[in-house]
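Coming up is one lone chain in structure tokens, specifically the form predicted alone.
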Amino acid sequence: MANEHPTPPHVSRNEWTVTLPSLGWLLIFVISPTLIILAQSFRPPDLTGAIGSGWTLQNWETWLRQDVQHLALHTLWLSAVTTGFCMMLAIPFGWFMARTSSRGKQVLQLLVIIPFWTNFLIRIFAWKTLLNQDGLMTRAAAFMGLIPAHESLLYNEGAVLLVLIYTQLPFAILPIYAAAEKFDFSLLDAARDLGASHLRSFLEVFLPGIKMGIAAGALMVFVPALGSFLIPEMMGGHDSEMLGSRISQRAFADRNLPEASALASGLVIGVLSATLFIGGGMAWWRQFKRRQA
């Protein structure tokens, strides 16, 4: 009788040797700083800007304030809209990249990666130049009658969304392209031979076939967008502040490190909880579909 619960494969010493450097890097530069910030969130602030002695929950009570809750919801909204637009642009672009020639793939990959060759701050200043009162995009919009003359496109929620989508789009394209390149496009021809339209074969065959790439791309866009602070500060106004901006203000301008740590820790816990919930839901759904089959 076959063993219904096979023994997990033994992890060899070579596999541990390859894995330990990555685990060490993750422990030292990701997990340890996160735990330090979490511990600081339970310490009282000091008038000199340092960490006070003792322990308190006062910093976490910041999350009960209405303005912080509104700011968190606004941050979630901007991040979700950014992720949605990036997905709408990245999925067809990844499909096109996977279907083009080898030379075309190299050129398109270069175009996607080129923005990373320029400093992040310089790219934001470039957009600020384009969107200010005398910028090229502002003049073009005024010439077409989209905005009044001598009005700037800066310092509003639209400018923040535009630059967020621009900066996060490559992180959506690359994982979707990696998944699309491995997809068997003959399945689309088979679906059309069976009577499916081009749109239906794209939605019901191609998208499920690259779902892991879509999930990875959405996660790589949504999580960094949640913590954005430089773009809202430079491109937005008072109505486009995000949670990252408040954390930056508490840490640097107000020198209230414990409250900044509480805000940052709450954001990290929320992201991890949502990621685990979505991952667990996807795993449960795969098990459910496998049992139904």
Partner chain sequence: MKRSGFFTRSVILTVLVFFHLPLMVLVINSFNASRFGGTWEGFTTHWYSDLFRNREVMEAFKRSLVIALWSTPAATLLGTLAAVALHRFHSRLQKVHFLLVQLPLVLPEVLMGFSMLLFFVAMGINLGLTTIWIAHVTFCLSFVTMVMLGRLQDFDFTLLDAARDLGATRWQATTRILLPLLWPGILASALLAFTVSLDDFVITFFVSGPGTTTLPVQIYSMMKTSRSLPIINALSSLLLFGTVITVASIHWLTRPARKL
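Numbering follows the first chain given and starts at 1. We call the rigid core the largest set of C-alpha positions that still match within 1.5 Å between the two forms. Because the structure is a prediction, the values reported are computed rather than measured.
Just so you know, the form predicted in complex with its partner chain exists too; it's not on screen, but the next bit is about it.
Pick from Gly145, Pro92, Pro208, Gly195: which has a non-hydrogen atom within 4.5 Å of its partner chain in the predicted complex? Selected residue: Pro92.
Could you check which residue among Leu108, Ala72, Ala218, Ala179 gets a heavy atom within 4.5 Å of its partner chain in the predicted complex? Going through each option in turn, the one that passes is Leu108.
Counting only non-hydrogen atoms, which stretch in 146-154, 208-216, 75-83, 95-103 is within 4.5 Å of its partner chain in the predicted complex? In the other structure, the partner sits against 95-103.
Trp55 near its partner chain in the predicted complex, any heavy atom under 4.5 Å? No, Trp55 stays farther than 4.5 Å from its partner chain in the predicted complex.
Spell out, yes or no, whether the shortest heavy atom distance between Ser261 and its partner chain in the predicted complex is within 4.5 Å. Judged by the heavy-atom cut-off of 4.5 Å, Ser261 is in contact with its partner chain in the predicted complex.
Can Gln40 be called a contact residue for its partner chain in the predicted complex at 4.5 Å between heavy atoms? Close contact exists here: in the predicted complex, Gln40 approaches its partner chain to within 4.5 Å, heavy atoms only.
4.5 Å heavy atom contact, Asp184 to its partner chain in the predicted complex: No, no contact at 4.5 Å.
What residues in 25-40 sit within 4.5 Å of its partner chain in the predicted complex, counting heavy atoms only? If the 4.5 Å heavy-atom criterion is applied to its partner chain in the predicted complex, 25-40 yields Trp25, Leu26, Leu27, Ile28, Phe29, Val30, Ile31, Ser32, Pro33, Thr34, Ile36, Ile37, Gln40.
Is Ser32 among the residues whose Cα moves by 2 Å or more between the shown form and the other one after superposition of the rigid core? Yes, because once the rigid core is superposed, the C-alpha of Ser32 moves 2 Å or more between the shown form and the other one.
Tell me, please, whether between the shown form and the other one the C-alpha of Ile278 is shifted by 2 Å or more, with the rigid core used for superposition. For Ile278, whose C-alpha is compared between the shown form and the other one after core superposition, the shift is 2 Å or more.
Looking in the predicted complex, decide if the C-alpha atoms of Leu23 and Pro175 are closer or farther than in the form shown; they differ by 3 Å or more. Farther apart, which means the C-alphas of Leu23 and Pro175 are at least 3 Å more distant in the predicted complex.
So the C-alpha spacing of Phe29 and Leu169 changes by 3 Å or more in the predicted complex; is that change toward closer or farther than shown? So the answer is farther.
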